[in-house]
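Consider the single chain below, provided in structure tokens and representing the form predicted on its own.
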């Protein structure tokens, strides 16, 4: 399921085209910032067991999101750092330590098929990304990296640059803050209490469209037919059997199940990093808190971008000055 993704394609849900895009857009942006890219440039979204990459030219890369025990030429390399690789270096991943999805960004961005102003892979439409599909063995991916920037490398080995993103800011907490959805009051008071006081387990019947959850069945006050209504990333739907589905990146544009809650945007990253078997707790919050957390996340990204831009320019200038 490794694929090319960016921030997604928006503005066309009214036509039935879902946004797609990276599952963990926060981690995607961290990887891009570390590599010196625009935050929303295309990256490679990785799932374990992840692809092995052979670099055929010098590049600057960055890994963020899940920790899959990455190595280059057999030597361990950390996430949340910018890494300079040389021709014939090999990047591979050995075991999942935490999280479900890692992101590989390349300085200069990834050259990929664009569809409706996005390079994100839409598997249903077989469009965008790399021929509209997941990556396969022997695929050759081209980048927009300026080779003259890395002319100083010559035949040197890869190097991990010393600065890093604050990994503490990328929380792996299982608590997900949610807002009441349009159909919140369709549940009984007992069901509302159960929703906020018992854990929910992500099942193996989960994919990029949605997570099916294992939970105590939640009762509705009454059975009623609903007209299909708009849904988005993080919408929590109540199924007729009382179980739940949480919609994620490849969600449909509308749905006919009650939308009892909505995971706040600042916690989409937490949601995206849940693996099958992971437990999560839903906690109600309000719009003011949701906005405050999103602004805090945005400020962190902006500060990281400013710092990385300065450090990268300083590093490249000094390295090329030695030639």
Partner chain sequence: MIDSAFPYRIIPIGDSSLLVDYGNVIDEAVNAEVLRRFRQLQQHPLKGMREVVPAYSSLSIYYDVFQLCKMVPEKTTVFDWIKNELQHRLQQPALQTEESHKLVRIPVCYDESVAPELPAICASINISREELVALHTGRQYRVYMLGFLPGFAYLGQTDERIALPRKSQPHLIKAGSIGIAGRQTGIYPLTSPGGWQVIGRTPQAILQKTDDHNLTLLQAGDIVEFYPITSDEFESH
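All figures in this text were calculated on a predicted structure; none of them were measured in a lab. Positions refer to the first chain, counted from 1.
Heads up, the form predicted in complex with its partner chain isn't pictured, but that's what we're talking about next.
Engineer: Do all of 49, 173 and 312 end up near its partner chain in the model of the complex, with near meaning a heavy atom within 4.5 Å?
Structural biologist: Answer is no for this spot.
Engineer: State the residue from 220, 73, 203, 252 whose non-hydrogen atoms include one within 4.5 Å of its partner chain in the model of the complex.
Structural biologist: None of the others qualify; the residue that does is 252.
Engineer: Of the residues 124, 95, 87, 193, which one places a heavy atom within 4.5 Å of its partner chain in the model of the complex?
Structural biologist: That would be 124.
Engineer: Is residue 288 part of the interface with its partner chain in the model of the complex - any heavy atom within 4.5 Å?
Structural biologist: Because a heavy atom of residue 288 falls inside 4.5 Å of its partner chain in the model of the complex, the answer is yes.
Engineer: Quick check on residue 302: any heavy atom within 4.5 Å of its partner chain in the model of the complex?
Structural biologist: Contact check for residue 302: yes, within 4.5 Å of its partner chain in the model of the complex.
Engineer: Using 4.5 Å between non-hydrogen atoms, is residue 144 touching its partner chain in the model of the complex?
Structural biologist: The answer is no: residue 144 has no heavy atom within 4.5 Å of its partner chain.
Engineer: So, in the model of the complex, is residue 294 in contact with its partner chain at a 4.5 angstroms heavy atom limit?
Structural biologist: Output for residue 294 is yes: heavy atoms within 4.5 Å of its partner chain.
Engineer: Tell me, please, which stretch of 157 to 165, 174 to 182, 136 to 144, 103 to 111 lies within 4.5 angstroms of its partner chain in the model of the complex when heavy atoms are compared?
Structural biologist: It is the stretch 174 to 182.
Engineer: In the model of the complex, which residues of 1 to 31 put a heavy atom within 4.5 Å of its partner chain?
Structural biologist: Heavy-atom contacts within 4.5 Å come from 10, 11, 12, 13, 14, 15, 16, 17.
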